[in-house]
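The chain below stands alone and is given in structure tokens; this is the form predicted on its own.
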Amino acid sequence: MPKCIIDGKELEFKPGEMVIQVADRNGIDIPRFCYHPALAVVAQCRMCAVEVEKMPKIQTACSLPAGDGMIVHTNSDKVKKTRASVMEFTLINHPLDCPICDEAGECTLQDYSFAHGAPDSRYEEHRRTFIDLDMGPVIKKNMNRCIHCTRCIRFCDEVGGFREMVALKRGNSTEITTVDGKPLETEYAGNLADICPTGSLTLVDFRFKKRAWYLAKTKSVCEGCAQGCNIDVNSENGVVFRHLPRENMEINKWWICDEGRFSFKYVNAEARVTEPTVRTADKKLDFTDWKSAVAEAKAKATGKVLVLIGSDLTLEEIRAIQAFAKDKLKDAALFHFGTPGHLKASDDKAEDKILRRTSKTSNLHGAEKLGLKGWDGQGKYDSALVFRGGRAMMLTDLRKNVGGAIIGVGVFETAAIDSYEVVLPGLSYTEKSGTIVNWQGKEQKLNKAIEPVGQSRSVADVFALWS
């Protein structure tokens, strides 16, 4: 393979690779604003300047093909001077409002200003200002912070698949906006905030809720659908504040859809049942202790029992339920449920050309792998146990199949348990560790991000009390 030298290191590269790609793969940091590995190269921010021997002018590493024998310097005096000039030019119109900016603490512009810029500004003219238009419920735009990297425009064109953002006017008057000022329609709008290198595009849902440096980041897997996108769960003091995509080139690359990004809302919702609940003789809900609630559930789970297992549960939980039913519920009928119309894994299809799947639970394919069949709504039963992780869609017509008690174990909301005699609160995906299988057959790990909310307990704990 051909080789080049970057900062004194001899590195192999594939023909056609750019210098910035070779540097990234070998842990050599080259600053950049407009470059993103998923997007077309435009080389307009000039921040990735490097010096190449035998080339009289500074080059942009993102647009310079690596050459055999090429010698590149990323931190020479000439490069440092160039980057300082670029930073000064980039910050001419920026409001420098880091103390109130939601991007502070994880802002590329902030980091590069500290690392490569001057300690003060020579600019004394009036800074340009813009009045921003509504971009919809996901993204808040502050054009005053924009540095014209055009990542957002290229994302919509090249990844989203249709043009929603454009650059209007020229020079100092350039404005990045939506086409005709319309709100964003894409189901992947949140990614615009992820790739924006400044605080120009931020998430409406996360604005002013928490500074980034306070958040614990836990590697996990999105439960929004059978794609199994890799994410970081950001939380503090038992509260989940956001999901961010985590790079996995085989599954979700750098992206997640908006449905998955905001799927954590129920975890800390007030409507979530987080205490053991029993329905009294007058049909009212009564919060009680775990021992009493489990005893009530045990007494009511009699006769021919229907066991419905949400395909939003982990492999470990499903195995535990299967073993429990075999040991404690003789002749029980076990089925999985989760997304209407998805009785088997082959019912799961691509919902778009990017990531979204029609199965709206993460472990449909894992449930089938463990031998479970989808429930078709048929049969008559004396009682039912419904296990749910928080994402599986509720079955509202159970009463036509179940003559006796319906018992819920897992994550439920108050408004959805009108026909349940007992609810034993379980763990959401953020409160446990486990394994799920995505549509490609890849096993992936969930990791516990927060402590259980309220009195919620694991399936294993429930079964221990049942015994």
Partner chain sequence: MLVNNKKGFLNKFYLFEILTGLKITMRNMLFAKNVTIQYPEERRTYSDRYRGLHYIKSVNGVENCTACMLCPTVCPAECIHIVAGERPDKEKYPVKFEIDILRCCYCGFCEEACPKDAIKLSNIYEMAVSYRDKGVYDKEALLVQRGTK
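From a predicted model like this one, the values you see are computed outputs, not experimental measurements. Residue numbers count along the first chain shown, from 1.
There is also a form predicted together with the partner chain; it is not shown, and the following applies to it.
Asker: Heavy atoms within 4.5 Å of the partner chain in the predicted complex: does His365 have any?
Answerer: His365 lies outside the contact set for the partner chain.
Asker: Can any non-hydrogen atom of Ala323 be found within 4.5 angstroms of the partner chain in the predicted complex?
Answerer: No, Ala323 sits far enough from the partner chain in the predicted complex that none of its heavy atoms falls within 4.5 Å.
Asker: Is Leu133 close enough to the partner chain in the predicted complex to count, meaning some heavy atom within 4.5 Å?
Answerer: Taking the distances in the predicted complex, the answer for Leu133 is no, it never comes within 4.5 Å of the partner chain.
Asker: Is Ser76 near the partner chain? Define near as a heavy atom within 4.5 Å, in the predicted complex.
Answerer: Ser76 lies outside the contact set for the partner chain.
Asker: Out of the stretches listed (222-230, 327-335, 95-103, 118-126), which one is close to the partner chain in the predicted complex, meaning heavy atoms within 4.5 Å?
Answerer: Within 4.5 Å of the partner lies stretch 95-103.
Asker: Please pick, from Asn268, Ser85, Thr108, Asn142, the one residue with any non-hydrogen atom lying within 4.5 angstroms of the partner chain in the predicted complex.
Answerer: Of the listed residues, the single hit is Asn142.
Asker: Looking at Lys217, Lys169, Lys349, Arg211, which has any heavy atom no more than 4.5 Å from the partner chain in the predicted complex?
Answerer: Selected residue: Arg211.
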